[in-house]
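Form predicted alone, single chain, as structure tokens, below.
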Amino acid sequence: MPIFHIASDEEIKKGETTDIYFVRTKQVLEAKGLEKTSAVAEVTSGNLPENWSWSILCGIEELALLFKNIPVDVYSMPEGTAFYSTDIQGFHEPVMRIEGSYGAFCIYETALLGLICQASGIATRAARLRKIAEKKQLISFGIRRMHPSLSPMIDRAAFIGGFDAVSCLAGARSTQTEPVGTMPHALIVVLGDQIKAWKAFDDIVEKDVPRVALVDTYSDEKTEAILAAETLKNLRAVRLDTPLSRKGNFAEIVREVRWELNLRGYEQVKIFVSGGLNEGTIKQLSKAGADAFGVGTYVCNSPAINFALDIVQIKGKLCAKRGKLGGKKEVWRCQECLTDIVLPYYKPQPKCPKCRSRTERMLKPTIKKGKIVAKLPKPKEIRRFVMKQLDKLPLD
């Protein structure tokens, strides 16, 4: 028995994380000799959370591994693709299509949606923060707010969305980066004062780790920042993790610290802030002079994207439940302006209605007869793809 309440890889692959009604559906189909009924199903999203105008698709690598050796075909937008709830015509656009015997894939619907709903929400919030922070550093600090088994997924999604680094050891392995972080308040408390802790860190920790001093443990942030700069000649930055109960006007604190450091010739010392950050506070603190941000709860607790899987074709015949559009579809995208057009699959390739440029199919082969046929890029490559799209996406 596992000691933590998590599903194993084997349990997920065997369909044991599904809802019971899919098991009973498969039982009925098998009893009636219909388990090999051919079906086409599509994944679409409802309205995006918080009136987002776009989202970032994340979790495709895990999804490909979920369907590996399952005798179906899967077509998907590549991981990291920006997508919309609806296309330019107002039609809900599929981010994925599954073709095969419904009995072969019905028990995987729950896991499929779980793999992309939460990861896509995290990647989207990360991408939004990336646009707000512009070129300033963003570090994922959120793993302590979620179940530890999710740490690699959280950090990977945040990194893909545009974060620069992560603090978690397992998250760093999943993103193929080095973990980032210096010291907690606990180190200063245990050693008794700030100067002892800063000096001990500088003496013991590897020299290639940037010297970032935490400066809000016992004294005023300005006082500790000046003290840290005077103590460590190789100081890279000061970190303000001021709790909400003590913040007051956090932007004014940042301005004050920046002024006092500059006044004493420490212009090269950066200001790193963390603790309760969100889109609004990052915008304010960036203007006030903050150079880097450690973001936790706001990203790891991102709203999930409300994806749904719906059958749109059975044995070649068009069908759909009410509120859904029947028939196999294709999403065509203009790469110049990122305009999407959803059309029935048999319709010819359209031109972009906005700029008249060529469009391309967005649902790419991912699985063919149970074999992974898509390239599964590394997180850094996916992140570059996201960053390229962000240049063309508005922030509502």
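Since we're looking at a predicted model, the values are computed, not measured. Residue numbers run from 1 along the displayed sequence.
Separately, the form predicted together with a small molecule exists; it is not shown, and the next lines address it.
- With the partner omitted here, the residue from R128, R258, R239, R211 that has a non-hydrogen atom within 4.5 angstroms of the small molecule in the model of the complex is R239.
- This chain is displayed alone, yet in the model of the complex one of R264, K315, H185, K283 has a heavy atom within 4.5 Å of the small molecule; that residue is H185.
- Residue heavy atoms within 4.5 Å of the small molecule in the model of the complex occur in exactly one stretch of 110-118, 157-165, 191-199, 274-282, and that stretch is 274-282.
- Contact between V295 and the small molecule in the model of the complex is found at the 4.5 Å heavy atom cutoff.
- For the chain shown alone, K321 is not a contact residue for the small molecule in the model of the complex, no non-hydrogen atom being within 4.5 angstroms.
- At a distance threshold of 4.5 angstroms between non-hydrogen atoms, R144 is in contact with the small molecule in the model of the complex.
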